[in-house]
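Encoded as structure tokens, the following chain is the form predicted on its own, with no partner shown.
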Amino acid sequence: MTEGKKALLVMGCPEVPVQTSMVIYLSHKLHKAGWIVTVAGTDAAVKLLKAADPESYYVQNTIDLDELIGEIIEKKVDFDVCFVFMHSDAGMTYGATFSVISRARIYALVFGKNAEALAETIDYPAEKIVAKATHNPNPLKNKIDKVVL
């Protein structure tokens, strides 16, 4: 991965506990590698993230997910890579949306109880990172570490 490139992390519904910690972890890891990181999410997901990182030490840039989709469609912004956190059909829809509107390389981070089954439904170009993780972040963290050095 190259310094100065732009990375997007997309959070859906924060129902599964590992999402917030893995977004903070991946944001920090990418930032240390020289990436400019933006995290987009639903209102609830962004609020949880800001509560966990109140001084924006790990996550410096956040934006409402729907607002960002509009900005990408209007060609105001785009990214080099996009990590979409998915544990439900809604997350899968966000992944499909970004695969169409953005030039970013898509990484589908599929987690939760039904991770394997959900990952099988991805029918757009994406690198899949799949882990049956709900409360314990380590299965997903270990797979992220293999992709993002």
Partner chain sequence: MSCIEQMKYKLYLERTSFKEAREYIEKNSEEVYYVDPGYKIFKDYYIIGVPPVAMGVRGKEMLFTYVKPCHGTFVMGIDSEEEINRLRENEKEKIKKSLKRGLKEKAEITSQPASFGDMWKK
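Positions refer to the first chain, counted from 1. Predicted, not measured: the structure shown is a model, and the values here were computed from it.
Separately, the form predicted together with its partner chain exists; it is not shown, and the next lines address it.
Have a look at I101, A117, I63, A52 for me and say which one sits with a heavy atom within 4.5 Å of its partner chain in the predicted complex.
Checking each option against its partner chain in the predicted complex, the one that comes within 4.5 Å is I101.
Between the options W35, Y58, Y107, Y94, which residue brings a heavy atom to within 4.5 Å of its partner chain in the predicted complex?
Contact with its partner chain in the predicted complex is made by Y94 alone.
Should V46 be classed as touching its partner chain in the predicted complex when contacts are defined as heavy atoms within 4.5 Å?
Taking the distances in the predicted complex, the answer for V46 is no, it never comes within 4.5 Å of its partner chain.
State yes or no: in the predicted complex, is some non-hydrogen atom of I69 no more than 4.5 angstroms from a non-hydrogen atom of its partner chain?
Close contact exists here: in the predicted complex, I69 approaches its partner chain to within 4.5 Å, heavy atoms only.
Any of the heavy atoms of V77 lying within 4.5 Å of its partner chain in the predicted complex?
Flag for V77 set to no.
Quick one: does P14 come within 4.5 Å of its partner chain in the predicted complex, counting heavy atoms only?
Contact check for P14: yes, within 4.5 Å of its partner chain in the predicted complex.
Given a 4.5 Å distance limit between heavy atoms, list every residue of 28-45 close to its partner chain in the predicted complex, or none if there are none.
Heavy-atom contacts within 4.5 Å come from T42 alone.
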